[in-house]
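Below sits a lone chain in structure tokens, taken as the form predicted on its own.
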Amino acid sequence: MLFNSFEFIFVFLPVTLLVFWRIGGIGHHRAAIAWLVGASLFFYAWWSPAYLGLILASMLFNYAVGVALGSRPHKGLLVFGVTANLALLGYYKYANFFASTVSDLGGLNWHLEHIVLPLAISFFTFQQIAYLVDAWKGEAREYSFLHYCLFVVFFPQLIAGPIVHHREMLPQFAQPNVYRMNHGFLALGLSIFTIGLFKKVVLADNLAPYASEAFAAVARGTPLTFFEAWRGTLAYSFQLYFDFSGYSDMAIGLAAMFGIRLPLNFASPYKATSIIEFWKRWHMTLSRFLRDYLYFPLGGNRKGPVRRYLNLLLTMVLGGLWHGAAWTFVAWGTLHGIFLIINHAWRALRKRLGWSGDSALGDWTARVLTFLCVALAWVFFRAADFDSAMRMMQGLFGLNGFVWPGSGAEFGIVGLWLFDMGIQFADTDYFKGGRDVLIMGLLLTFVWRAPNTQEFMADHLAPGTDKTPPTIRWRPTRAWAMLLSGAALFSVLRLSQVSEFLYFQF
């Protein structure tokens, strides 16, 4: 079931909330949790009932291992539990990829029947691995299987995160006010959900055709010119940005309706002035997981700079592979690993030479460079295969020429100068000239300058951490209610064009 669907917004969500409050309001907290677990499993099964047994079996196994680790933290048991989780994930997500790779390298005719990837398997597997490690460390302990189920399947964060620690969520359900309707929580949650819905339905989904037609063209072997390639790449960069930002807002908003605070997962990553900062802002809970459960166990930065850089590269390569079973995702992760190595090496050099001064020009130069690196890497993230990615890269670097649509008459005498500079004037299929430049420029300005959701909601989501003027912060006022009601109505009227969230495929 999609957050951006009629059945979710007008049936599932209100029924789930009302019954939860009704049961919990008369003191039956355990029954209310059971209802919420059942509703979350129904939400999951709506997509594919066949895999309901898989997630139930996964929870039973990890709960049993976690309880055992809580009473006797044996490292061998931890290794067994983590290995079993990775084996399950490996079979469903990577078996076909492994078979095709071995077949191609060895010239074999070896293949497996196509294995359908269960929804959210990457997220609920990583979340449970984190639980097992925390249980082994004595930082998490769960005595109730019902509560453990809620930790895993709580529907706002089940499908695409955030990846939540046991200690971050379960203690909140021990608070009595969670089980009664709270108009403040409801208003806050609906407001955040509406902002996310608007980002997804109005912004991300309207950018999707621009990106899809460009990447479909290179997949067919069509060479794109410089402007066509950049229009498609930027469209995908912004589509993914608003799609994931919208999902993150909707997840946090849904949890807030229940009085539950989920960890932030998205913080204006295109404002980053370095790749290091980008990964502190993009998919923040995944970055945290990779840091705590992969990079640190590998040795982190404790064994010298060379080992540190190797650990960074390996972490990002595996992070890329987590996103998808394809060599394009490995390339994307490798690129980010190389970017991070260069970034850390540059910081070390600046520190050694005493270059500590910053300036507005320097910050903006770094921001533009970081954005360009991220956008170029997204090509491998989106492309159907390596050949498609390389054809897109050829266009981005101008190897297929620079073509502006039309005759160039609108430029007047400047058009002659542009022609001398190598720009041709002719009809183009995937670039519409000034209109597209204006759209991409406005979107870039928005992601660089506009406050993000947590800044609008600073007094409720991240008190004391923002710099936005109090006059534009959200308040439960009539003006904000009217503004967000209009945004909600406009978004709902566009739900006939329902589309999945991009991160659902991971």
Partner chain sequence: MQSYVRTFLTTLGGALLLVVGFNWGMNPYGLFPAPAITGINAYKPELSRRQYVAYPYEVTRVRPQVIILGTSRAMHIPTDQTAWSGKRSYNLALASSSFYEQFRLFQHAVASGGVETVLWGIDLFAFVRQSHPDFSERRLRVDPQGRVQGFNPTSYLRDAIPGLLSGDALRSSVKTLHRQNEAEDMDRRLHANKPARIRSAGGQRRMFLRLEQGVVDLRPGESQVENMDLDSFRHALRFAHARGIDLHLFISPEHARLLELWEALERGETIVKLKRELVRMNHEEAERAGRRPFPLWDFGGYNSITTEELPALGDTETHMQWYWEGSHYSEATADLIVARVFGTPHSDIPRDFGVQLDSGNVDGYLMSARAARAAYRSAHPADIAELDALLRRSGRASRHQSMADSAG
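Numbering follows the first chain given and starts at 1. All of these numbers come straight from a predicted model, not from anything done at the bench.
Keep in mind the form predicted in complex with the partner chain is missing from the figure; the text below concerns it.
Per the 4.5 Å heavy atom criterion, the partner chain in the model of the complex is contacted by stretch 473 to 481, the sole one of 439 to 447, 33 to 41, 52 to 60, 473 to 481.
Only one of Arg352, Arg435, Arg220, His183 lies close to the partner chain in the model of the complex, with a heavy atom inside 4.5 Å, and it is His183. A residue is said to contact a partner when one of its heavy atoms sits within 4.5 Å of a partner heavy atom; Leu18 fails this definition for the partner chain in the model of the complex, lying far away. Using a 4.5 angstroms threshold between heavy atoms, Leu240 stays clear of the partner chain in the model of the complex. Residue contact with the partner chain in the model of the complex: Ala488 places a heavy atom within 4.5 Å of it. In the model of the complex, at least one heavy atom of Ser191 sits within 4.5 Å of a heavy atom of the partner chain.
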